[in-house]
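Here's a solo chain for you in structure tokens, the form predicted alone.
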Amino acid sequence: MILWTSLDTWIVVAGALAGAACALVGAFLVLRKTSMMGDAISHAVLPGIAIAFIMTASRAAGVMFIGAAIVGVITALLVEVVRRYGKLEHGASMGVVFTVLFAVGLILIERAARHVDIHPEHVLYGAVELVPLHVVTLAGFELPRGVAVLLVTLIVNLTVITALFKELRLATFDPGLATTLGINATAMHYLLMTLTALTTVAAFEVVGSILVIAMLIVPGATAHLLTRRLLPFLVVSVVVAVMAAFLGHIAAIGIPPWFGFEDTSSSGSMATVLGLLFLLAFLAAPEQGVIARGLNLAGLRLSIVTQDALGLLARAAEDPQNPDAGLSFADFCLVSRSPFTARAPALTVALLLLRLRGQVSASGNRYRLTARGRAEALRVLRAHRLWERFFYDDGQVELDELHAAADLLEHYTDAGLRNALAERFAGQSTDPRGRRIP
């Protein structure tokens, strides 16, 4: 049984606010194919935190925030400078900048701030469980300081994205068109980098840089598997981040007792749940998921085999000496040139499906076309021979190569394309080998 208190509620609220704020800007990073910029900024702001403390001898949240935010924006500028003038690709320039700055930050924290409670692991892992312990009073209400900071950050991100939705959309998908329409795509880029830096810094104290990176990238990557429209993309990203915060904390306090432990890190559990949600979308997304794509591929291959079988039966029915002989199962495998149709399991399923559709009948070990199947078979054969005519007349393809070329396209030929081919060869009634075009 899970014992839930108000402290747990604030932990989830803080994680959800951090996730939602990160997901909003992270969605654009994913769409712009600059997801790792969030990683770079989240590491590179470390020297900003250390320098702010060294200069002010204060651990006030506002001081740390300003120092880290400035370095975050500088990081984005340095990455662009290294990429442009160093002639490096974008990933390499990010690697150069953030690794150096991160190393400098670790040295500064270890040496200059080693006698106060600033430790690298706090920056890396965060302390979401301690969020309810540090409260501030706003408008007469007491709430955790981390929640207040993240709430303001979320409001800022939401306001900017709402106000500049059209500009950000154009600059993300077509910077050239945005510039033509008078929208400064470069300014939109650096605005997004600034929001990323501010969001990263705001989430540091609560969830640490590791979970910040996960929240910046994984919700957008998950949404990318589920939708292709920008507004639903943003909504799905935020929903995934909020779900991960709630389910992650539930897992952190609920699962370890099954194995004899008290609890575990909520930040780590939230990141793990994010990964599991991505895995679920990766497997089960309606269009882009592995299962859906596998089923679509299997359906396409089955459609090809059924059409091949109909085409083979239509050719067999053209035998003037024995038009009703049909084909045996072995005949299909023997005469087919398709690698799919020649496989017994695929052909077995295809013939069973054709029988269920009433397009093929079976008598003994012979398969024959029904009246319904003959009409469909002639459409397949017509497309095949029209394509052979096209490749022979217009493409100058050799006779022995015609079948392979036409066999591929016949399965993707709809009525409109079939009619267009027929009009192109209206004066010809046979294929290049002299066989009648149905």
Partner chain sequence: MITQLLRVLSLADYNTRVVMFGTVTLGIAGGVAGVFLLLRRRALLVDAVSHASLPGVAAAFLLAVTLGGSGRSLPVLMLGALVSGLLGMGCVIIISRFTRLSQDAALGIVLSVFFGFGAALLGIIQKMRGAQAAGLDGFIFGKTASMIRSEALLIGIAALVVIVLTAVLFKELRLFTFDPDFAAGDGWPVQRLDLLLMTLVVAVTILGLQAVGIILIIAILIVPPAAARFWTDNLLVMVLLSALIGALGAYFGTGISAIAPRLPAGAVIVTVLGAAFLFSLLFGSSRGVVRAALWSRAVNRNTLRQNLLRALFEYEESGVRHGMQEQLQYLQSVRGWTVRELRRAIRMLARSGMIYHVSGQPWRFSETGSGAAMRVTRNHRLWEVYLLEHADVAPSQVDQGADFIEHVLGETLVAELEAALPRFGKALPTSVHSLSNADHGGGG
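Positions refer to the first chain, counted from 1. Remember, predicted model here, so these are calculated numbers, not experimental data.
There is another form of this protein, the form predicted in complex with its partner chain, and it is not shown here; the text below is about that form.
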{"property": "One stretch from 177-185, 364-372, 277-285, 346-354 that, in the predicted bound form, holds residues within 4.5 Å of its partner chain by heavy atom", "result": "277-285"}
{"property": "In the predicted bound form, residue 36 touching its partner chain (heavy atom, 4.5 Å)", "result": "yes"}
{"property": "Residue 193 within 4.5 Å of its partner chain in the predicted bound form, heavy atoms", "result": "no"}
{"property": "Contact test in the predicted bound form: residue 52 vs its partner chain, heavy atoms, 4.5 Å", "result": "no"}
{"property": "Heavy atom of residue 89 within 4.5 Å of its partner chain in the predicted bound form", "result": "yes"}
{"property": "Contact residue in the predicted bound form, from 74, 235, 107, 130 (heavy atom within 4.5 Å of its partner chain)", "result": "107"}
{"property": "Option touching its partner chain, based on a heavy atom within 4.5 Å in the predicted bound form, out of 247, 154, 221, 168", "result": "221"}
{"property": "Contact set, 215-230 vs its partner chain in the predicted bound form - heavy atom within 4.5 angstroms", "result": "217, 218, 221, 224, 225, 227, 228"}
